[in-house]
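First, one chain by itself: the form predicted alone, in structure tokens.
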């Protein structure tokens, strides 16, 4: 009888383990940095919402998976997806040759434009005026990379997120902030005395990032993304957050 009970217990535990495995395999874990509106931000109920969250949810549903979002520092996202801590990264992330060395990117789902935020009384009128100025950026972003390359490391002040960089601008700690156009508009709307220069800094493509080993998941993601582009879902999600001007 004891042998029977022991065997039964082993079988129950084995079945429970298999069940848990099947459930976890059916979850798409997305890494992001939820301080980049309107691509990702936290609402009043502490839920992560935005363009990337909705696109990931739509793709996951198309793939028959449930989406789980993990919020983390932007500069840790590449390491997280490379190590398998998350399955995919959607974070308004620009495709760059340097990042391609560590991750594989999906097809592009949106276009981003890097712009410059200044105070309304600033003497900075164009990109050319950034020489010799102190530039606030979000650490690890393409704004950080481009500005450090164009103006030198000493010109760049790095912050954990865009909101902190904008606060530094308001406090007079930096002369301007370089960031994506859409969060820039949100920050300028939320803070009096700021404006966006009419001159664009650079245009870039956003895509989802995957670990180098996740080729099957990447293929399935691209297939679902393509179908959602074709049926208008992606445009509808972007249009919900970014109104045509």
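Positions refer to the first chain, counted from 1. Quick caveat, the model's predicted, so the values are computed rather than measured.
The form predicted together with arginine is left out here; the points below concern that form.
For the three marked residues, 54, 182 and 229, no heavy atom of any sits within 4.5 Å of arginine in the model of the complex. In terms of contact with arginine in the model of the complex, the residue from 114, 122, 167, 82 that brings a heavy atom within 4.5 Å is 114. Stretch 33-41 is the contacting one of 33-41, 215-223, 190-198, 57-65, since its residues have non-hydrogen atoms within 4.5 Å of arginine in the model of the complex. Among residues of the shown chain, residue 138 is one whose heavy atoms approach arginine to within 4.5 Å in the model of the complex. Contact check for residue 91: a heavy atom falls within 4.5 Å of arginine in the model of the complex. Residue contact check for residue 99: one or more of its heavy atoms lie within 4.5 Å of arginine in the model of the complex. Taking the partner from elsewhere, residue 106 is found to have every heavy atom lying beyond 4.5 Å of arginine in the model of the complex.
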